[in-house]
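Okay, here we've got a single chain as structure tokens, the form predicted on its own, with questions on binding and movement later.
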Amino acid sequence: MQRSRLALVGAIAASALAITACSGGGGDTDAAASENAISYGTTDPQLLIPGRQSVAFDFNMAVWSPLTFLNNDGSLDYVAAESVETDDATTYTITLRDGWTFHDGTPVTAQSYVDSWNAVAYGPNAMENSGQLANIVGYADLNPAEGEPTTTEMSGLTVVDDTTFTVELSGPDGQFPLQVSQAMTAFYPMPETAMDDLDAYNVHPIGNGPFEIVDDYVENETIVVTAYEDFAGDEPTIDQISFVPYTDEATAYTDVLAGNLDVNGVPANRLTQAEGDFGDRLYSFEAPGISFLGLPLWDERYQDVRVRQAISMAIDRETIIDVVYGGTYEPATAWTPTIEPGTPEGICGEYCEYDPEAAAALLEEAGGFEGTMEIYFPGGGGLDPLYEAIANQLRQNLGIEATIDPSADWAEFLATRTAGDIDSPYFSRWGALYPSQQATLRVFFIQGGGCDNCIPFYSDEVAAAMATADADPSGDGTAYADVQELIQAEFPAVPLFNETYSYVTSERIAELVTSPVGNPTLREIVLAD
């Protein structure tokens, strides 16, 4: 489904195993039955504003255009921006293309971006994606530790003229041009009228993208967007998209199989049969998602690094991938997914390889493991088969009394993990919003980076190494190998899988096009003749 496949702010999104609250009784798809229109299964978004949305990525990437766009070959295209330039990786000058307008006809200007970014960053507005702007100088002033902010503007943003503005960052960051690409929705612009009433704007958002919303958003009803006639960018290949909300993921899958829905994500419990059901209409896109088995490092039983390494070596990733994921994932061999440039593949070495005898010996050398182990994960999202398999392998290979312990729902799990009230291994994953090691390492291993206690290992050494890597002028990601070496030495969690995001289509679709963020690029979808 639409969604959750790119990092849900809280880290559950994007995995076929994550809580994909998709389909169960969609809306009216007749609007998408015309020759040059498609229907797309989604979770009902509720929040559509780019600074707030968490499961409306596909809607956002249709209704807005980013400053830059990352291609599958790793190249960076400029879309709304003419250029994003810097001499020191700290102050960037962004020059906009001429002639771009919002869907209400008003021009998209440098002031539009500055006002939008300030609105998203302003603490009292409580925008869920505000943290995407945290490295801009002045962000802290809009989000004081105590009390209300005394300003509404970040000092790091300066309008030069109608098509030019500058961005000063808190430190050198060669990855900034990637951060303003398609999935970092907090960087999208909003028209001046949006600032007057953000709640009203959420009901009928006006963007600068290839498609515009037709009617006001109504909860649990289909959202129809049509091609914007005055769009200044490349013309989309289709004229209309109907985002159809479902509450049951199996129903959406069946609707695609029956030809009643054109595109939908593959639910976890259908991954093993999807190829048989759809053949070449199953698309599995490599994506910047990675799964870990989180460990409660505050529990003394997990303090010895050999215990953590033994747990990793006792897990048969290949078998789990075949049985649970239908062969669509790959074993993780590093601390970031392979799609992120410069990832030092194989750095995990023997500790990410299945070797039950060596695992048992290493655990014995560490003094064994006392007590039971109840693996904790969000209930209701189809994760049971994964954690049942892991628990079985830990019982068989290490003699640990391991069982599973699903939470009541995602909200309960998130609160428990964030508070550190877990005494067993647990669900941990992230789907990065741009394919850079920075986007994964910062979230997991920098305090306040975006996924609190996903991997509760934070050190000054890692933070310093991250700052050095961020400032690397080459921008090719190789500098992050030093960060991964530090993490590997401590082995704070168990790397499991590099994820793919899987989708199925009706016979109306000839080709589903993607980008390095893993979601379909709907404006480039190819319809069958």
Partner chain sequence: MTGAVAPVDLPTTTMGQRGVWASLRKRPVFWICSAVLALLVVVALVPQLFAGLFGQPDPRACQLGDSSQPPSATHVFGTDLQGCDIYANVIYGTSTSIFIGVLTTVLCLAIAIVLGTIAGYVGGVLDRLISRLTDVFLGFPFLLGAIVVLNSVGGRSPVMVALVLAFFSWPTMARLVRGAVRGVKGTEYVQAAQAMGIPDSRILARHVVPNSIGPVMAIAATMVGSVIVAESTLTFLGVGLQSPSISWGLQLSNAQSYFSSAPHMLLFPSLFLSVTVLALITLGDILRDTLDPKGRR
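For clarity, every value in this text was computed on a predicted model and none was experimentally measured. Positions refer to the first chain, counted from 1.
Missing here is the form predicted in complex with the partner chain; even so, the following discussion is about that form.
The listed set Ile347, Ala227, Ala389, Ile206 contains one residue whose heavy atoms approach the partner chain in the predicted bound form to within 4.5 Å, identified as Ala389. Though the partner chain is absent from this view, in the predicted bound form it lies within 4.5 Å of a heavy atom of just one residue from Asn269, Thr163, Thr222, Ser83, which is Asn269. In the predicted bound form, Gln132 stays away from the partner chain, with no heavy atom inside 4.5 Å.
Among residues of the shown chain, Gln273 is one whose heavy atoms approach the partner chain to within 4.5 Å in the predicted bound form. Contact check for Thr151: every heavy atom lies farther than 4.5 Å from the partner chain in the predicted bound form. Taking non-hydrogen atoms only, Val323 approaches the partner chain to within 4.5 angstroms in the predicted bound form. Only one segment in the set 116-124, 315-323, 142-150, 91-99 has residues whose heavy atoms sit within 4.5 Å of the partner chain in the predicted bound form; it is 315-323.
Residues from 235-257 do not approach the partner chain in the predicted bound form: none has a non-hydrogen atom within 4.5 Å of it.
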